[in-house]
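Subsequent text provides structure tokens for two forms of one protein chain, presented individually as structure 1 and structure 2.
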Structure 1
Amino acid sequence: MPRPDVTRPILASVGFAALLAFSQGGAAQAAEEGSPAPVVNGAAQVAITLTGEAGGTCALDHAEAKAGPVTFTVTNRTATAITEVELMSGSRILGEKENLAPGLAPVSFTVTLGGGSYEVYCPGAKVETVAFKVNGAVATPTGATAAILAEGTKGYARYVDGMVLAMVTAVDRLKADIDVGDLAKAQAAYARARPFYERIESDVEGFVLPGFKPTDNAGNLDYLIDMRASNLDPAVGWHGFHAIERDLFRDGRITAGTRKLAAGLQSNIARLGKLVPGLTYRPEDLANGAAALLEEVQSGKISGEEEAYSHIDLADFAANVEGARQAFAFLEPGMKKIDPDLTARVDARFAAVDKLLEGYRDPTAIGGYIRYTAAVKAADAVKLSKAIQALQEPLSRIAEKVATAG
């Protein structure tokens, strides 16, 4: 989800990459100068440790690595002011981890990096940017497994394109129902349109429109499509799905303002439909994107923050899980050759989450699931969270494995 000071346009070769304005100052803290990160199982290993309260520190154990796959493992020991870490190239986000509460188990992401200068950005740290250097050039994988994985990324790109086309159609229907003033049909159409974005959000969030600065939410396509109340930018105001959700479900009425919001959403979804085709992905992008979708479940759906007015959070939850499953499915043929045991574990954990979600289905309800009210949240949030955590653990190990496959 967008934040008031962040924009997220995509980078063609990195499925979930984005733009962010940030301070350029700061040097590497507690990193071994001139000591390249050790390579384990084909990937350079870099540890990032977060410590301290207000004005905490963001320390790397190595400030440089050899070109190729690099795994960043993030541990938040005691930093209450730092909740996310992003790997930057200029103004592009190449990889990130969010919701880094102190004391949680370490989390990691793997990216393939060519020679050059990068920064690790830790918003809230005393020194927010940490310099990171990569030496050499990336070797192109040529083995049979790499070829299978590469074919999977092409299939996944077609899947993303299909979801965007379906979302264009669904939003056209939503606008038509709003234009004629049919509240019940518009509410149902809203619930049918939402899952398309939730299945692929980690891949398509945050293009910056021409003529806007990277820091301007008025030109941040993810903000304009999927802003929610918790990260409303007062200077830009309400836009997109959740502005329409507010009118349809909280206020229970369709006004001239609602029709204007629907027209804006339709226009921005159409823009997205023109921008997404032709994007390419690395295998680790699929794995990192799947992990990001599960993080979306933990941060927005289980908390009930995402659909504050419609309460169709469980439909969004299911869509995030489905999107993650699809990303994994396109990697699975290669993963069966790399690590069949891990592949079977991930399959089993997906099946467990699916079985859990089945218990919340209601074909008569908007979105196809029971409404995620305060009572449901109080009773079941912990159970839902634990099921996602059990899936996140094995899924988090896939990015490094596919990035280093030959």
Structure 2
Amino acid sequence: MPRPDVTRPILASVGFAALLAFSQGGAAQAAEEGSPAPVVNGAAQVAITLTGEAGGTCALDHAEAKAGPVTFTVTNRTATAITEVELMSGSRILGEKENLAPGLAPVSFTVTLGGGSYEVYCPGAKVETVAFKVNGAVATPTGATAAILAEGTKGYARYVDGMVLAMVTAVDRLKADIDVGDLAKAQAAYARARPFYERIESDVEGFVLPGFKPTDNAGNLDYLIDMRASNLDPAVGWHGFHAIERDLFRDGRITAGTRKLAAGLQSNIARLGKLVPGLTYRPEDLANGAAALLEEVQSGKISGEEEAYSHIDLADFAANVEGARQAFAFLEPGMKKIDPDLTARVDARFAAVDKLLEGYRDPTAIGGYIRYTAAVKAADAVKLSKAIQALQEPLSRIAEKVATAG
């Protein structure tokens, strides 16, 4: 499509001379048609060379190939501004290579293509897209990767539904323990309920109860359930988990107020339980949600702000990471097709975080992890934050990939 758009104005404006140019263009095209990419081991071979010439150039040795498997081998000779190359069909990415830089050995990717027009996209080049043509039977667009990702989003939806169901049960338990006034049991029930919320909190943000303005915290479900002392809206007051945490852990007693809070939490969680099963997700929602959970770790858990009284921040930390990992796991089969390198890097960073968290496990402690005291924070916050940072950067690249998967 873009090609004719570009040539037409040239024809119109240059007039007679254009006829000549056109016939020359035709000849050049004929020559290229005469030499489609050579086939080696069953795959057409196309070399993409990146250079710093003319402000960044992305050049293909063959602009067309026969339908079937096509291997693109990318060499960055001197292009400092180009670090990625993608093969696109319309707005869908079919294959790609990243982390390209001058001096590195060539890298390649293979895709099976049906007849039609494609584009090689080289962000950062002076001319960013180069047309690529495939001759032969037009493949019915398979959308194979998109289908795998869509399947993943359904799996993730079931995971979220399961978490919400479990949370409803856990909060019922918490309320029951509070109602009978058993402090020790209530504390343990609190710690058991929290992780369900922390695993999926990025999905349950932004629910506004019917009849409320979006700016009114009194109708904001996330506010009512998870508000911390540091973000209180005096007009609405304190509700939810952390107000209960204050009573159970700071004050160490259950009052009529605590019972009221527990009843409120129970009804808000029940509302959530009704809202969530209807939700559907796009692949990029999973990726963005995972990124948001890691932001939560950085901003709330490592600072020790989330569980200021119970100090079960590491349990919440683990739950946020677990939720992010689940979202990623449901994208992984599709991501492996789109970008196995990036997938492996994210996998490795998740593994590193898990390994780090292992060291804090304490089955005898409430929440299953050691208490995140001021001393632990002073000694280990930097280490924990760095492990999360190292995961955040590669993870933040996923949403774009899955949103444009072919």
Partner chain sequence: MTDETNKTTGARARLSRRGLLIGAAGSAAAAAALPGAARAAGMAPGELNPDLSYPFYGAAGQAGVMTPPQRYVFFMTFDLTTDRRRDLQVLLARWSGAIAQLMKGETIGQVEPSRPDAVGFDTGEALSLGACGLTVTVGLGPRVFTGTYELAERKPALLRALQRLPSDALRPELTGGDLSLQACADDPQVAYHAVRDLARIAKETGAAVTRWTVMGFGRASAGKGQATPRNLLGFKDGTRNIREAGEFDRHVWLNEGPAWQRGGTFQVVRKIQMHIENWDTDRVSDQNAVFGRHKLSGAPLTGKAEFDTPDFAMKKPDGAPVIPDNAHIRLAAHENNGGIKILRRSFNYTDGINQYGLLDAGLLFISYQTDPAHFEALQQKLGAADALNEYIAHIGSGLFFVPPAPREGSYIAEGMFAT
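Please note that residue numbering is based on structure 1, beginning with 1 at the start of its sequence. Basically, rigid core = biggest C-alpha set you can superpose within 1.5 Å across the two forms. If you're wondering where the values come from, they're calculated on a predicted model, not measured in any experiment.
Taken from the form predicted in complex with the partner chain, structure 2 is distinct in origin from structure 1. Once the cores line up, the CA of Asp182 ends up less than 2 angstroms apart between the two structures.
Core-superposed comparison between the two structures: CA of Leu232 displaced by less than 2 Å. Residue displacement note: Glu295 has its CA displaced by under 2 Å between the two structures (rigid core superposed). CA movement of Lys126 between the two structures equals 34.2 Å, with the two forms superposed on the rigid core.
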